[in-house]
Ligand SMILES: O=C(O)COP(=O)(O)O
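Here we start with a single chain on its own, the form predicted alone, put down as structure tokens.
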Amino acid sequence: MKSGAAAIRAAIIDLDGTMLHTVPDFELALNGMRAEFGLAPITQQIIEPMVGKGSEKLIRDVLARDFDTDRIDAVFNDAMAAYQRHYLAINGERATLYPHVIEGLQALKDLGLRLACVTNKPVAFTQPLLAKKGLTPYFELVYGGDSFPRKKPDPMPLLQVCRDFDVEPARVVAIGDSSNDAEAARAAGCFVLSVPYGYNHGKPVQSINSDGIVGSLLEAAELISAHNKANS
């Protein structure tokens, strides 16, 4: 994060791969859906690179392992309904918090930052998952992949957060694990911090155009604190 820039007043934080390791939940839900179509189960290693671009893309990518485009189109609505049914039944059952997430969120709050969670996960999955993992109290705003006509990497959800908070984008940092988060933040005019442990579509975190790689949300809070002191 560069000197001579505005102090940070708000943070927009991603969910899957940033705060929670959710691929084990995806494994249960997706394989439950696949079983209904007579398809063999797939592994977390196969699923992980597919995560992060929304449920529609995830379902199409998973089905594309066995079906051609016409077949995917024919079964898509049924497959999506099956996936949603299975996911809602197990949401948060196997998902785990990454290290220092709670401490990091508290540290960000202690800096006086306003916090929003913006994810491409449908909001009907997001709200109960945040509640189950004790994350709800930290966020003033929560937006999912179906909250707006466009999702990340489009800047629309991030720009809405800036409007809701009445904070200019140059005073907002987006924290995420993938190029989706970074592209959305860059287009919105926000700072970007990336964590190295999540799901970046199978690509190294170093390939993300960000303002820094932080090992945890707590490390992000420490970096933002130093930035704000230097730019107050």
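Start at 1 with the first residue shown and count on from there. Bear in mind the structure is a predicted one, so any value in this text is a computation, not a measurement.
Although not depicted, the form predicted in complex with this ligand is the subject of the following passage.
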(message) To test your reading of this chain, name the stretch in 32 to 40, 65 to 73, 51 to 59, 165 to 173 whose heavy atoms come within 4.5 Å of this ligand in the model of the complex.
(response) 51 to 59
(request) Flag L15 as yes or no: does it have a non-hydrogen atom within 4.5 angstroms of any non-hydrogen atom of this ligand in the model of the complex? (result) yes
(message) Residue-level contact is defined here as any heavy atom of the residue lying within 4.5 Å of this ligand in the model of the complex; does F26 satisfy this criterion?
(response) yes
(request) Within 4.5 Å of this ligand in the model of the complex, which residues of 60 to 88 have a heavy atom? Give them in sequence order, or say none. (result) none
